[in-house]
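First, one chain by itself: the form predicted alone, in structure tokens.
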Amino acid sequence: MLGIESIGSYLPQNRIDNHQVGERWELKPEFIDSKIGVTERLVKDADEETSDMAVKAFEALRAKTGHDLNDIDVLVVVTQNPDYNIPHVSGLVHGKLGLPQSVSTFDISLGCSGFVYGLNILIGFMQSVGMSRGVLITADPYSKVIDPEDKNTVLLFGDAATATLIGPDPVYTTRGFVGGSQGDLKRALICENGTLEMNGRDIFNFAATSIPGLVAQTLERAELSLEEIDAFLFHQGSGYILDTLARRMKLDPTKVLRGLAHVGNTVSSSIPLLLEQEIAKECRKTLLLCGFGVGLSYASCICQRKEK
């Protein structure tokens, strides 16, 4: 059975203090910390490309597993901010790492829901063609497209990359996948002429009204109850969104994991950054992963710890 064996991550060293940035709009630190939920953000170097971040995440995974990973069958990158329109980022990563020509590569153009979609796409692809080992990378640096004078986006998004090893000896397996889209709301988060624009109210309303039902569908498909979930790994959209989801679904706040305060909303990397920390916690048997945002796209699934 294929599933998640390990996760490595890359976090840029550049940290931006949101309290200082917020002063230009006279935003109080309390508002930044509680509503936005991001005290500081990570930003890549100016000359650092998406593929560079992906390579560093892959190398972190390689160091963590102690495996050279040259025997992987497939490499997939989730991103909507590639180095170039052509070629695909996964091909660039393949070349930079010097992986064997036998390794298949492709990209998935999804944002905040991308990790959950990517997991299920990659596992299904591997099972269908008989592959045994693959790597799913998330790398979507929004600093490429953010206007530093736009308070709706500059205080929220951060840069990061993750690499997830999929293999036959998993810590977590997946089930209960449910996905969907509200494509008519495309302008809620859109990049035109190289600059990101966001309607925060539309994004919030989408999450607050759609995600509770999505979670219920996922639990029904997996034949689980809310009480049987040890932790909820929601996309780290903002502090206010996380608070709202916990309140509307009457979740135990301690089960709703948070990881955006010192990183930012890292788009497709937000869930695997949380999951990386959970792998070592054997008490976390059953997790619910839920990504939502740009597209407007959403996806949810269960991660079940494999019994030893």
Partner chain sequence: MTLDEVVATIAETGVKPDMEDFDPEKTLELNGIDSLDTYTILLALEEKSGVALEEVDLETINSAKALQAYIAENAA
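In this text the structure is predicted, and so the values were computed from the model without any measurement. Positions refer to the first chain, counted from 1. Under this definition, the rigid core comprises the largest set of C-alpha atoms superposing within 1.5 Å between the forms.
Omitted from view is the form predicted in complex with its partner chain, to which the following refers.
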property: Contact flag, residue 281 vs its partner chain in the predicted complex, heavy atom cut 4.5 Å; result: no
property: Exercise: residue 209 in contact with its partner chain in the predicted complex, heavy atom 4.5 Å; result: yes
property: Distance check, residue 187 to its partner chain in the predicted complex, heavy atom within 4.5 Å; result: no
property: Contact flag, residue 179 vs its partner chain in the predicted complex, heavy atom cut 4.5 Å; result: no
property: 205, 128, 195, 102 - the one with a heavy atom within 4.5 Å of its partner chain in the predicted complex; result: 205
property: Stretch in contact in the predicted complex with its partner chain, which is absent here, among 47-55, 273-281, 28-36, 250-258 (heavy atoms within 4.5 Å); result: 28-36
property: Core-superposed comparison between the shown form and the other one, residue 201 Cα displacement 2 Å or beyond; result: no
property: Rigid core superposed: residue 186 CA moves 2 Å or more between the shown form and the other one; result: yes
